[in-house]
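Take a look at this single chain, the form predicted on its own, given in structure tokens.
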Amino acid sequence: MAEITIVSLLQFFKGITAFFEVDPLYSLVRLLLIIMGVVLIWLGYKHVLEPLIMVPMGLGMTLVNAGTLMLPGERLGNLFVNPIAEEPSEIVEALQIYFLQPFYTLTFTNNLIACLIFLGVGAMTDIEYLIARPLLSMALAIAAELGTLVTFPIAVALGFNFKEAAAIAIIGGADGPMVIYTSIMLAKHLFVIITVVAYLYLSIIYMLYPFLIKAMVPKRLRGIEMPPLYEIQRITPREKFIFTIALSTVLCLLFPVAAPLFACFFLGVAIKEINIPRYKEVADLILSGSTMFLGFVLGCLLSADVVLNPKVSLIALLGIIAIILSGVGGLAAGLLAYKISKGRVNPLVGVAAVSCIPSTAKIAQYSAKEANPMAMILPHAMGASVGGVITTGILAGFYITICGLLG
């Protein structure tokens, strides 16, 4: 009688029942993902990792793996989101059942979420130093794509096809929206894994890159002071606005497959430069809302069946290789710029060219200030970061185009 009562009680709590009705490995992965989600929430709460992404992502991971139940047809699943629905009838049914499905279907599968985030990022980006020192900024940005370029052939050698390898390689650009855009365009079946890996590593660079900086750049060079903009060149608001329109037009003309991202990023820049307060408020709101839902939906997509994909460990390995190599490439170029300029360029500007804007620029400034409290290199670093956004967009456009031709 007691056993019957316990069984009946467990049947009432479907989530607990689901733990015991499947392969023990699946249950173990679910438990580990719940724990990992809680850890991400805590690290975000303590600001060890980026809270804007990690708190909603960690919460999504925890809740979706806790909220697993048996669906009709003896199928294990949840009521959050179904990324596998592709046929019109499946999508319509999913929209009626899964509470996050409308947001996923209408903003993720068409890359709208990436474009909205780029719009908000553009609205808080200053392009003065890119205009003032275009050769330095772009040269550093090209070098900081080392991970994006080298990871591609490594991924192919490990068995990924060209499209999958290109989508994974873009992680080296350290640009979340660009990773989302490229992975959905080239490897939709790996989109969740690639994007989650990318955003985890984008948070980890706050801990990783300072160690890389100390390993490659001596303290005396990290503390080099750089001149303010007015000592280099005065850039008027009109010049910045014209530059924004001209550059965005040229980039969309040359790389039309990446045009939606370029268009939204430079629309945000134009809003900032033309200084329309109401537009800036809307752009800030869009960025905040998109970032929150991006993190939460990504976390909810990370269910146990996704993690059990045998390609996960390889993608995680390739992702960290890409991120490290990009940082190495940027710092190596920064050291070269220091020598060519006869000591006038702080080498740390090079790591800012890894286009996780503005995170890598902040890392460069923090490391410089740690070596010399008087060092102010953030504006120069922002110029390199904007250059990184452009080069990552160009590489994404190149990969999408060339992989489409290769088939």
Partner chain sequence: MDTAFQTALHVMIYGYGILAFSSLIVVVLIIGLRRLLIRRAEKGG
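Positions refer to the first chain, counted from 1. The model shown is predicted, which means the values in this text are computed figures rather than measured ones.
Below, we turn to the form predicted together with its partner chain, even though it does not appear here.
- Of the residues 108, 80, 191, 162, just one reaches its partner chain in the model of the complex with a heavy atom at 4.5 Å or closer; this is 162.
- Think of it this way: in the model of the complex, its partner chain has a heavy atom of just one of 215, 285, 250, 84 within 4.5 Å, and the residue is 250.
- In plain terms, the part of the chain that comes close to its partner chain in the model of the complex, with a heavy atom within 4.5 Å, is 128-136 out of 220-228, 128-136, 88-96, 294-302.
- Proximity of residue 278 to its partner chain in the model of the complex falls outside the 4.5 Å heavy atom cutoff.
- In the model of the complex, its partner chain sits within 4.5 Å of a heavy atom of residue 394.
- Although the partner is absent here, residue 104 lies well away from its partner chain in the model of the complex, with no heavy atom inside 4.5 Å.
- Looking at residue 306, you'd find every heavy atom of it more than 4.5 angstroms from its partner chain in the model of the complex.
- Contacts between stretch 263-289 and its partner chain, counted in the model of the complex as any heavy atom lying within 4.5 Å, involve no residue at all.
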